[in-house]
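The chain below stands alone, shown as structure tokens; this is the form predicted on its own.
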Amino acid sequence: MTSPTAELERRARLRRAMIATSGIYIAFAVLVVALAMISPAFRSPDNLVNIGRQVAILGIASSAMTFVIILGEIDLSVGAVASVSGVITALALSAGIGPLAIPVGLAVGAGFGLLNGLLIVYVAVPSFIATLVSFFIAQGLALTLTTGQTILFAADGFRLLFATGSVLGFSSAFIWLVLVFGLMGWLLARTRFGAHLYAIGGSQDNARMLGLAVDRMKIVIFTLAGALMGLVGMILIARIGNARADGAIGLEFDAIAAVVLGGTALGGGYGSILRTIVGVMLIGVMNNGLAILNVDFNTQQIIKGVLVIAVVLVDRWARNIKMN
């Protein structure tokens, strides 16, 4: 028979584990309710549509980052790769090649992702260093191609397809986000590919003993992440109507923050697209709400940093509870 003290401890652990597991959902709900009460502008239908448009780029980048982090790796190149993909796509559009600019943009992103994978697998460079190298190469290439200038292009059909169009009131950028989330969530939760990804992220040595293609998985994941950055680059330039060498710089940090807030383990082997979606929405709503409240950008960065470290500490606390 369980003693009263042991039963109380068991219930306390369950409550703490539940708080840790559902903390991201609670934080998101509290943030939305608080902003809705403070600012009528926040809860306006137009602003809600605007939030959906704003989170499209971050959401797609975060879905790619989720796969990379579950693998036990990191990708610091996503912002620069999205920027150079957008620049090359804009140059292709301005050169008059029309729809062929789309595969060009995707190929540029996938190419940088493939470079990351090859460096990690065949040169044995840690992902932190490999993707930092790609960051510098992509940024340098973008600056060289633009000579520091903004690239203008006229392609109304392209802009409608990737950003300014709408379906049932939802922007085309948001539709792309939903499609990517749906595909990535299905791959992760419903396929052998996803099961292998979790296994490799949990322990590469064990995965090799089971006969899983660890090196091939790394190359595939980084190439996929790069291709998605090509898509991000196209959505970005379609939304603003031009391309700049620094258009998406810094995106990698928001993407990592969203994934960490969603509970994906930085050590690999654990995470989900659903929780990443909540992390993305949390950052998107927070950015939007703080902007509406006229909080300056530097203070916004401090708030995001404090929020991320708080979630990491709660996650570590929850893991200690489970181990004990």
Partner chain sequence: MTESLELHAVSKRFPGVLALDGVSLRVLPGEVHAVMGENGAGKSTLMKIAAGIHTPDSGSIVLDGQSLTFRGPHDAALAGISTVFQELTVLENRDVAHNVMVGREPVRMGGLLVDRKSLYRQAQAVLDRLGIDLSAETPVASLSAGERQMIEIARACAVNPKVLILDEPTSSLGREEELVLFALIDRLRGQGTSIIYITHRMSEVFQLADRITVLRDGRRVATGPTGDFSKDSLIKAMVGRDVPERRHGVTVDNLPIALEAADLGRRGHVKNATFTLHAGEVLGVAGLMGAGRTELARLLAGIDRPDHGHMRLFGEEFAPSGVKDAAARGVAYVSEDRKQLGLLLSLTVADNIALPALRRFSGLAGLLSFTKLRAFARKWMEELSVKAKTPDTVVNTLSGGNQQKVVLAKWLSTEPRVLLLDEPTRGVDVGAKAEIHQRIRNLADSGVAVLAISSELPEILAISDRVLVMAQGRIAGIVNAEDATEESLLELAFSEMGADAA
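Residue numbers count along the first chain shown, from 1. This is a predicted model, so every value here is computed, not measured.
What comes next is about the form predicted in complex with its partner chain, which does not appear here.
### Task
Using a 4.5 Å heavy atom cut-off, state whether Gly202 contacts its partner chain in the predicted complex.
Gly202: contacts its partner chain in the predicted complex.
#### Entry: Contact flag, Leu212 vs its partner chain in the predicted complex, heavy atom cut 4.5 Å
Yes, Leu212 lies within 4.5 Å of its partner chain in the predicted complex.
### Message
Taking its partner chain as it sits in the predicted complex, is Ala189 in contact with it (heavy atom to heavy atom, 4.5 Å or less)?
### Response
Yes, Ala189 lies within 4.5 Å of its partner chain in the predicted complex.
### 4.5 angstroms heavy atom contact with its partner chain in the predicted complex for Ala195
Judged by the heavy-atom cut-off of 4.5 Å, Ala195 is in contact with its partner chain in the predicted complex.
### Query
Pick from Gly263, Gly269, Gly289, Gly52: which has a non-hydrogen atom within 4.5 Å of its partner chain in the predicted complex?
Only one listed residue qualifies here, and that residue is Gly269.
#### Entry: Contact segment among 101-109, 221-229, 203-211, 150-158, judged by heavy atoms lying within 4.5 Å of its partner chain in the predicted complex
Selected range: 203-211.
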